[in-house]
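One chain comes next, on its own, written as structure tokens: the form predicted on its own.
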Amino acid sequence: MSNTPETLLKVDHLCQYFGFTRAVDDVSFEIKKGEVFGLVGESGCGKTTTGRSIIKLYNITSGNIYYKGIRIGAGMKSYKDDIERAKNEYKEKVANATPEEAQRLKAELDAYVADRKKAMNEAKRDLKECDKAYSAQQVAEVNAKYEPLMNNANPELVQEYRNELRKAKRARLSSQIQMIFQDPIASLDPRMTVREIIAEGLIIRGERNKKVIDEKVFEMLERVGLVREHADRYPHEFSGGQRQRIGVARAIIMNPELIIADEPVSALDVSIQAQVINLLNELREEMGLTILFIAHDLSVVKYFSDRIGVMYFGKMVELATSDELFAHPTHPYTKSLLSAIPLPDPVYEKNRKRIAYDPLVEHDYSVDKPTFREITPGHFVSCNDEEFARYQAELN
């Protein structure tokens, strides 16, 4: 029997464009069940956009997103680009072709276009059917649990069965992924009480029993370090750390398997940062959570993450385990990021050398283009052939 953890989330060649801006450009990674995957990089590098694309707040431009092996996100641009590219190549080749060659080229083009359109339709169908299939599975599980009990059921059990069946019919696969947003002020509706904010997901899912909702809300508040009396207050009555705890409670009340934590501590004081990180660690152990942790503070990411991916200008430039990345940073941008980490040591700080990263100086990609390659087991770097050989030599 294999002890390898199953892949919970797979991001495959994700692209997210806004007009001519390539916010995320061909990013791929996997997150194993139960791990914390850190995503780091400077402001504007595409970290948050990646998280929002995964949770389907954006319709992705191209690429695929798989959750538990089921495709929950797909972009159509890559299929359309493939078809357009094939048609342009056909026009160039057929210009000087004989009638027989032209006929063969046309048949090849038609077959390729048909294959790409078939793949595009499959992607559209997967997006349309993934939630229906998940809902049908939940309904079947509820029926299997309650139908044997219905012969001599009392009114309370019948009501419970109907309640669970209604929730199963409204279940969505994407609700197993929840997000904690960066700004604890902007992410909470100032016109809603804490009770309404935390309970909103349950109500959307179909829960109508007010007693059940209240008990769930109180349980979540206590789990994140708040008290029941906070339920009837408004967001402006809390500190930044307390607001972020409310955001955490709103996410975990849905009992998700994957949490996307988008810089959850960047707007907080250092002491409060430690409290929130420790809270996430506790919840991870208690609930068996898998976490995509987005941040730009590398010290926090090293403490909290099992593996780390480094992003620069929308691309993934390096990916490795936390220990490996800090022990053997390979890409010049990763070295630059690590050189910027301050330490509470005035002697060290006085002599610390900052490493500047200039891609035009560091790389020559005019002919040999870079790809994302595995230079040692589990350690991936964006590099071309010359850099690949050099990086391997350095590590060995």
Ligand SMILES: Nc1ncnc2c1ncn2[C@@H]1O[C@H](COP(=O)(O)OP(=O)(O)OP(=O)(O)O)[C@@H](O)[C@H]1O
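Just count from 1 along the sequence shown to find any residue number. If you're wondering where the values come from, they're calculated on a predicted model, not measured in any experiment.
Only in words, not in the display: the form predicted together with the ligand, which the text now covers.
Judged by heavy atoms within 4.5 Å of the ligand in the predicted bound form, the contact stretch among the candidates 48 to 56, 358 to 366, 61 to 69, 28 to 36 is 48 to 56.
Scanning Thr290, Ser305, Gln178, Gln182 against the ligand in the predicted bound form with a 4.5 Å heavy atom cut-off leaves one residue, Gln182.
For the chain shown alone, Glu324 is not a contact residue for the ligand in the predicted bound form, no non-hydrogen atom being within 4.5 angstroms. Contact check for Asn351: no non-hydrogen atom falls within 4.5 Å of the ligand in the predicted bound form.
The shortest heavy atom separation between Ala23 and the ligand in the predicted bound form is within 4.5 Å. Heavy atoms of Pro342 never reach within 4.5 Å of the ligand in the predicted bound form, leaving it off the interface.
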